[in-house]
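Given next, in structure tokens, is a single chain: the form predicted alone.
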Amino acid sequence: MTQHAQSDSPVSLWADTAPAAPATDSLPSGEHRADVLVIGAGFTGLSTALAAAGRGADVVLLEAAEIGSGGSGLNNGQVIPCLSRADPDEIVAARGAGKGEALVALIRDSAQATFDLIRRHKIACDAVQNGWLQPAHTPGRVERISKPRFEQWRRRGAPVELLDQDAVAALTGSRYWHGGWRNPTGGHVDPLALARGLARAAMDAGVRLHTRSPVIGMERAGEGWLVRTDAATVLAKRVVIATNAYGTDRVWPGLDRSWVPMRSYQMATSPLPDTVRRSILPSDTAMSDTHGDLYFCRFDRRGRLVTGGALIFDRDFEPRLKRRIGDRMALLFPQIGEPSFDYVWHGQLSMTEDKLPHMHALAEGVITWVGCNGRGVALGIALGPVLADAALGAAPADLPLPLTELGRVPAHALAARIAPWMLALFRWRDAQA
């Protein structure tokens, strides 16, 4: 794996290619005040802070490490306007007609909202909005997933397309798949560059953003909250905890036990020859298919195929992934030969029991959300204005997600150990028609 020295961000392709982050300092010692305090400088925290500042609030944003150093800067960069498991009808069944359809609408528009935000703030993040494609790897998945999923989104106004095998082959450069569906509002970005660009936009809007400022506790103080770091305090009227899969019980006890962590591995090849590059995903779409053990890839602007995979055991993950995913890419795209991988890295995502995002009212004036379930780029950014509205006093009835009490995954420690083994079940199901 290439070693990197550009920044303090974790090793990844994006750490080598993203524009530099805006200059930030840790929170100065002493006492500070804010209307809204946001914890976590990932996609949701940055989007929340930017939206709240745009509504006239005085906002402080605290990040324990660096901008985008968690999952927001370590994912594949696909901007996908749907959830990984739950389809619109399931969302409505789980949340009721009102909240369910409101959440479906937010998800439907999330990719477009993300690219609109990028254009509005002129964020340099290699943004490509040429659509997102989900091909089906068996004829049965065409019938059970592609057609109903397409139809459910079509009924709700999404500009989706149902594709036959020839159309999928034209979009992917592979005859592996049997059909599928596409949403043209999706695409891909350099996610770390996007996080850094959002940070710059938030700071330009007046947000006081401080990195290397981990929150170690908070307590009620009059009508607000006193939030502590090692050397300073912030007295805020409202607090938004936007740490998602990088939460900590030091910030709020029990937060980490409301979701199950999963490791997500990402990889990038060496730049491919132009002739090979033009034969794979020739329209520069983003692709993730119907496997439970997901097959996914997209290109970066240098012609690297950016893909990844999953493992049950983390031991020796880099050589194992290079072999496994190398064989997978050669199966999908024989013209690639035996790919050489320059980068392998991983981040963490949060999984909920029902595979839906959850917004929690932790106490009066304190809100959070969890449950990206592997689709955090568009969803996390789209939820920012929602959390800003909630923090600034919007009526719960006007929010697309219900504000619920914090739950706990039953037998959380056991669930966290068992979760990687679900991959074996997914692989078995993937082999079925």
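Small disclaimer: the values here were computed from a predicted structure and weren't measured. So that there is no doubt, residue numbering starts at 1 and follows the sequence shown.
The following text describes the form predicted in complex with a small molecule, which does not appear among the structures shown.
*Asks:* So which of V377, L50, L37, A391 reaches within 4.5 angstroms of the small molecule in the predicted complex, heavy atom to heavy atom?
*Replies:* Checking each option against the small molecule in the predicted complex, the one that comes within 4.5 Å is V377.
*Asks:* Under a 4.5 angstroms heavy atom criterion, identify the one residue in L171, L349, I91, A310 near the small molecule in the predicted complex.
*Replies:* When the small molecule is considered in the predicted complex, the option within 4.5 Å is L349.
*Asks:* Among the candidate stretches 398 to 406, 22 to 30, 37 to 45, 51 to 59, which one is within 4.5 Å of the small molecule in the predicted complex when only heavy atoms are counted?
*Replies:* Looking at the partner contacts, the answer comes out as 37 to 45.
*Asks:* Is T243 a contact residue for the small molecule in the predicted complex, using a 4.5 Å heavy atom cut-off?
*Replies:* Contact with the small molecule, yes.
*Asks:* Is T114 close to the small molecule in the predicted complex, meaning a heavy atom pair under 4.5 Å apart or at it?
*Replies:* So T114 does not count as contacting the small molecule.
*Asks:* Report yes if any heavy atom of V366 sits within 4.5 Å of a heavy atom of the small molecule in the predicted complex; otherwise report no.
*Replies:* No.
*Asks:* Using 4.5 Å between non-hydrogen atoms, is P184 touching the small molecule in the predicted complex?
*Replies:* Flag for P184 set to no.
*Asks:* Taking S12, P339 and V344 together, does each of them reach the small molecule in the predicted complex with some heavy atom inside 4.5 Å?
*Replies:* Judged in the predicted complex, none of S12, P339 and V344 sits within 4.5 Å of the small molecule.
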